[in-house]
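To begin, one chain is listed below as structure tokens, in the form predicted on its own.
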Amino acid sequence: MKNLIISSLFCIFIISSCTKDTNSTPEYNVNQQGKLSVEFDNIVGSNNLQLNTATYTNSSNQTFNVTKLKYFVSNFKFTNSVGAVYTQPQDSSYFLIDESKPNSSNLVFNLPEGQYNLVSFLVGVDSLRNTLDVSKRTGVLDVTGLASDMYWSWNSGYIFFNLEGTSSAITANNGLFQYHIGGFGGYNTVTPNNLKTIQLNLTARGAPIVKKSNINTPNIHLFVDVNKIFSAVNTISFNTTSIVHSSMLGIPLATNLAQIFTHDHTEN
């Protein structure tokens, strides 16, 4: 009987050890890096955004088409499961999402190994970069190149969010609407600050796990709902607002802009 008890206890110990190993927390080496991608998927309500061809309806029951959607995202920060924050280096932290260029919507970062529970980023271009000499603003910030239609030369500032299209509800300007949202607070004189910081908790729909040994790059899939520009907080109607080319007029749109980004899922 004594031998039977000892054998039973030994088996229980083996089973318990195996169970513990199976459920153990993954080990991360913060001195090693892996890749993580963040995907910006532009939608309108429950529909995928299609430039020029698709017709959508806003909260004022007005139909519209989208001909252009471009916006800056920058200053990315990632917080892991133990609270450590990784900040993307400043000079490589500016991205221009352009719906007409699908490759622009998937951003790839090199991060220390770990599980990342939070991501935050800025919609727009921060005041420091806005006021640097133009020769130091290159790549997607080049106002003579990729950012040529994302800059107010008279205002010396970037357009953070550029949404254009047409609607039969607009009787002027051949039915054209243009929503150019910018304004970083001003350089020589005070202007509205329409920069918006977005922070998303990733745990509810899957936190990405970054490891150097990953075969596949984990992907944070974000939805960017253009329809919320019209109704997230402020109701925007084409009857009263069709052309916005100033930071002051852009305040109601910028308030809505802060609500259009959501975390849909993560692929590990």
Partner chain sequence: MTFKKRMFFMVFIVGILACHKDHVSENLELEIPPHFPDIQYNLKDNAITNDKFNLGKKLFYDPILSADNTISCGSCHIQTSAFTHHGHSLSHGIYDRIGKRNSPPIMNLAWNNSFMWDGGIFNLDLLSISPITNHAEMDETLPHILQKLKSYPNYPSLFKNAFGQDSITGTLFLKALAQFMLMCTSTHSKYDSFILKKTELSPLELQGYQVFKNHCNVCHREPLFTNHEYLNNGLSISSFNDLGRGLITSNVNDNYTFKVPSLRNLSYTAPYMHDGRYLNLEAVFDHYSYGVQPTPNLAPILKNRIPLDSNDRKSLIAFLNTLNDKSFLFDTKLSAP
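For clarity, every value in this text was computed on a predicted model and none was experimentally measured. Residue numbers count along the first chain shown, from 1.
There is another form of the same protein, the form predicted together with the partner chain; it is not shown, and what comes next is about it.
With a 4.5 Å cutoff on heavy atoms, residue 84 does not count as touching the partner chain in the predicted bound form; it lies far away. In the predicted bound form, residue 151 approaches the partner chain with a heavy atom inside 4.5 Å. Interface membership of residue 133, defined by any non-hydrogen atom within 4.5 Å of the partner chain in the predicted bound form, is confirmed.
The partner chain in the predicted bound form comes within 4.5 Å of no heavy atom belonging to residue 168. Checking 191, 75, 80, 162 for any heavy atom within 4.5 Å of the partner chain in the predicted bound form turns up a single hit: 191. Partner contact region in the predicted bound form: 183-191, out of 183-191, 169-177, 115-123, 99-107, criterion any non-hydrogen atom within 4.5 Å of the partner chain. Contact annotation for 140-160: residues with any non-hydrogen atom within 4.5 angstroms of the partner chain in the predicted bound form are 143, 144, 145, 148, 151, 153, 154, 155, 156, listed in sequence order.
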